[in-house]
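Quick heads-up: it's one chain on its own, the form predicted alone, in structure tokens.
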């Protein structure tokens, strides 16, 4: 009788489908995955140590360089933590402009995540369509902030630049094009037999397992946990009557669909912000002062928190950042990958959690 031996299979750290280096070590019986672990440590920057002792004006730029894919939310959470410490008010127009830029950044991040997934399951046509439409969101970011990646748009008390009337008209036109194309791409994803075969009932994360792993972001919301969206607690989003997107299947398909649906939701949120914009100041007064706080925001991958301690001159005495991917990587390796029927599904399941190694290792 032929014996099936247990084999250790490493995937990564260099893999054509991984945006950043990480090694997923799988214990298998044939193709069946018995367990998995993720090995990190390939790109640590030590950025939190670099931040300490520096004035907030420098740390603002360092914060958004923790991650180039979700730089705006790092900028936003750091600045809003300073505002919380120093009781700095933000005018309504400035607050709405923050949401517009943050949601544009969420759109491009989600589109990139879904591109990576489509590429991983060898649906390169849909992947390239998504990568192409992502450029429209990036172009709008550049039009408003002056930069595509590290924008440094959000400053204490408001934002750096106002939105010109002609830019608002261009933004609405671009949103119409993105919405039209995204509807087509969502239909391709939902109805494609290859996608269903490689995505549905694969990498299942139950609601109970998601709670045990403290999963966050679309990974948690695809498993029926809408309460994990930190935008529920943000005053500007509350004015917009924000309601989280969620699904209950908990598989690869559900995680990608949550991101698709959040892209459409971001388009709606930006339009509502544009409708609510009224003439007025984009930045109030206020200077960062001494204090200590913990502040949270919703990054494209989930809850992002900053612990911040400052002195009277606004220098950073201590700072600690908790990014969402560390919890989602844990959920993926210990729950989603356990019991996967084929090694071919390991990279796609890992990518479905949209791990950001740059954020995680910092």
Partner chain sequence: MSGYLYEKDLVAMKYAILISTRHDRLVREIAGDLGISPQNLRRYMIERFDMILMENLPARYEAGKAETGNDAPLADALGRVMYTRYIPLLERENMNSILGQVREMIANGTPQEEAVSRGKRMIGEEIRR
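Residue numbers count along the first chain shown, from 1. Here the structure is a predicted model, which means the values were calculated and not measured.
If you look for the form predicted in complex with its partner chain, you will not find it shown, but the lines that follow are about it.
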- Message: To test your reading of this chain, name the stretch in 173-181, 79-87, 253-261, 209-217 whose heavy atoms come within 4.5 Å of its partner chain in the model of the complex.
- Response: 209-217
- Task: Evaluate residue 23 for contact with its partner chain in the model of the complex, applying a 4.5 angstroms cut-off between non-hydrogen atoms, and reply yes or no.
- Result: yes
- Item | Partner proximity in the model of the complex: residue 54 to its partner chain, non-hydrogen atom cutoff 4.5 Å | no
- Task: Decide whether residue 27 counts as a contact residue for its partner chain in the model of the complex under a heavy atom distance cut-off of 4.5 Å.
- Result: no
- Does any heavy atom of residue 32 come within 4.5 Å of a heavy atom of its partner chain in the model of the complex? no
- Just one of 92, 268, 292, 201 has a heavy atom within 4.5 angstroms of its partner chain in the model of the complex, so which one? 292
- Item | Candidate spot 103, 115 and 247, all three touching its partner chain in the model of the complex (heavy atom, 4.5 Å) | no
- Item | Residues in 176-201 with any heavy atom within 4.5 Å of its partner chain in the model of the complex | none
